[in-house]
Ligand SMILES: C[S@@+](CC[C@H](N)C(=O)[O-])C[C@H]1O[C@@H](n2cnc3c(N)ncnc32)[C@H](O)[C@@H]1O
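A lone chain, given as structure tokens: the form predicted alone.
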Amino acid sequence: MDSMTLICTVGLLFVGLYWFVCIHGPAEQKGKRAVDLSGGSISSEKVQDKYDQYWSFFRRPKEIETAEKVPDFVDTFYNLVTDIYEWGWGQSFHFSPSIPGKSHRDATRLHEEMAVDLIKVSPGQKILDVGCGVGGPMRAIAAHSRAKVTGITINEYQVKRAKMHNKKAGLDSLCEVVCGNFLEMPFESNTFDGAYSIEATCHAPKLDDVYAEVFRVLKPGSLYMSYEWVTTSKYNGDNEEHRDVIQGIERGDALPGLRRYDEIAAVAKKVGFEVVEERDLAAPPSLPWWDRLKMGRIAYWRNHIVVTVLAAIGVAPKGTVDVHDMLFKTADYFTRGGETGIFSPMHMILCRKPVDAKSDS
């Protein structure tokens, strides 16, 4: 190879790396660059240790059942993954059914708008986003409904990211973000005109606890809608492959344990809700929600190379490669769960707090 060819080759590699690292943004919206990947609120030098601690949690399964340990566990998880989610997936940390002729971004927005349409709120009313992440759904819902949305997330780094995005989108007058545990929400009883959660309550050790809190803060007569992660009627606990898929999803997404599809309504009724509607939005004739994961395999490998290079030169924290690898493997478990039909990330339940209900302050 002559010197000119070598220079051109190196130049092309440099340009390509520059594009992936400095220009290429998240799948749905620019806003997080590869060079900005961090461990959230975790200092760079401690990301690897926190990742190792995260995995050690699953080596002590009894602790997963200890409710007081789970919030810190979930907080650590979102410190580790938030930047990677934003960079590689977008600002809405959830799935949605594929829609013919629509982009993933549009399908996601329509899925979010349906959530607020179901709870039937009017412009100016106060609604609650239970587990808001960095606020992608919150902004879509506020723009669509013109309701005032308060989001709660346990992760302080996500609060900062959400507030920044809200201001950038010109929606900070409609969107408020609070750092807190949705099992003990810092809101007065009978405060909100409606509430929703999009693939968030799966992190609760007991669904009863978060549903009871939502019930408390809702005004009587108001509606609550949740998209729940569940095992479906096709799941067989005696099937080794089924167990492997579900455990892979749990380990890769900080879940104390997935719930069965037939447990959700019973929990809602137990805390006082009236169940208005319940259906699996992932079930046929809905198109596969996991197609986006399969089509994104090239992007995953490309991004993994970028993360590896950035970690090697000290731009990304040590441990980022392990976190990205974990998410890559988890994507395969999701795909297997979708293809076998044993897992659904969008089991929808719509509940109403009775008009004559009373909530303790």
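So that there is no doubt, residue numbering starts at 1 and follows the sequence shown. Source: prediction; values computed, not measured.
Missing here is the form predicted in complex with the named molecule; even so, the following discussion is about that form.
Within this chain, A200 lines the site of the named molecule in the predicted complex, having a heavy atom no more than 4.5 Å away. Interface residue remark: F182 is counted as part of the site for the named molecule in the predicted complex, having a heavy atom within 4.5 Å. Taking the partner from the other structure, the named molecule in the predicted complex has a heavy atom within 4.5 Å of a heavy atom of I154. Heavy atoms of K126 never reach within 4.5 Å of the named molecule in the predicted complex, leaving it off the interface. The stretch that touches the named molecule in the predicted complex, counting heavy atoms within 4.5 Å, is 87-95, out of 218-226, 140-148, 87-95, 278-286. Here is the short version: of V271, L207, V74, A107, the single residue with a heavy atom within 4.5 Å of the named molecule in the predicted complex is V74. Only one of Y78, Y235, Y261, W290 comes within 4.5 Å of the named molecule in the predicted complex through a heavy atom, and that residue is Y78.
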